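Just the one chain here, laid out as structure tokens, in the form predicted on its own.
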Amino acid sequence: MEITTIIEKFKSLYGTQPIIARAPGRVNLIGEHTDYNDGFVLPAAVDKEIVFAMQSNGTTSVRVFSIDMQESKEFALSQLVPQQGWINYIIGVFAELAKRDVKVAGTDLVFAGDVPLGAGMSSSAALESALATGLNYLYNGGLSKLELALAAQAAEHNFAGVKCGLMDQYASIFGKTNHVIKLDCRTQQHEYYNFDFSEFMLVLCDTNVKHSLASSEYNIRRAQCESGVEIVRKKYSQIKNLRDITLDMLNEVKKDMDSVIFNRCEYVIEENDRVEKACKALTSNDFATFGQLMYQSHEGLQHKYEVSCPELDYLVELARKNPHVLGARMMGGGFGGCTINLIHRNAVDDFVEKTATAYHQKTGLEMKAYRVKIGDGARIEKI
């Protein structure tokens, strides 16, 4: 992301010298729909980010200019209430930091980004994480990285109205070049695993569809998982959620459980196990096994969790037929969005061209492809 344009725009609007804060979008390699079940996820920060120039302005108001939207907005710090549109994310971060005793004051902001919107790379988390990191630095807030991630998540919950897990903001803040993050969503602790990109590349294939089921079905899946836990808890009172349940325990109560609920629970338990196996594979640079686990993840999401769609399934089917693709799966909430593909580096251009052509012939839709590198998390840039 080119920061000189942002700095120049800031100086022309406000006439002061800004600080720069930046934070990336993220991908999730494996571990889907496990976060709200206190499970494990394996995200990584990407080399596409949101960048803020900011400085205090000596008033009690916040002035914001979005380069991408070519829009100016302003709000008073005494009026930190939800509004419509992109400004809501900005207000939310100010409000959540103020709740955590960061002495935020009137601030001037200019921001821009290259995280694709709607592609499942969490542009909103990148925005929240960059802004929170910058304000924490500017006003000597003293919040830890985890506290910043939690504040950014709370902004999404309380202002954007999306009850997301912690993964997106956590990955945006804790990202590390050429490493994936194994996040334990219960303890909110992580381990880094090296991901050797000398031979391989991650490519996202965007279906260019978003089915309207996505948000309603997400809430239904959460409820289904919770009802499954309630049934198992009648026999094993100590369990808190799916994280604590083994496949043996689940099978013991299968006769008491609706088959759909059983499938949902079985998928989550198996997916947590796949994250563990994927980390072991990375430890020994076994990318063939890692890729197979990605394919297994998609099968579970398609047939047991039922959050895929024909467009996603077709892209994974095309990947399976290509000998240069080690693994592929849908990524994110489902019902559209992207597949994530692990591909031999020298075969990427050919893969993208052939897949886009076949996808267009099958669906009439254009497929976008994003080649991503794994980058660093949120940080202050010295200028």
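Note that residue numbering begins at 1 and tracks the sequence as displayed. These numbers were taken from a predicted model, which means no experiment stands behind them.
Keep in mind that the form predicted in complex with a small molecule is missing from the display, and what follows is about it.
- Among heavy atoms of G332, some come within 4.5 Å of the small molecule in the predicted complex.
- Within this chain, A281 is remote from the site of the small molecule in the predicted complex, having no heavy atom within 4.5 Å.
- When the small molecule is considered in the predicted complex, A112 lies well away from it, no heavy atom lying within 4.5 Å.
- Under a 4.5 angstroms non-hydrogen atom cutoff, the small molecule in the predicted complex lacks A160 among its neighbouring residues.
- A single residue from the set L242, M167, V232, M294 has any heavy atom within 4.5 angstroms of the small molecule in the predicted complex; that residue is M167.
- With the partner omitted here, the stretch from 52 to 60, 338 to 346, 315 to 323, 35 to 43 that lies within 4.5 Å of the small molecule by heavy atoms in the predicted complex is 35 to 43.
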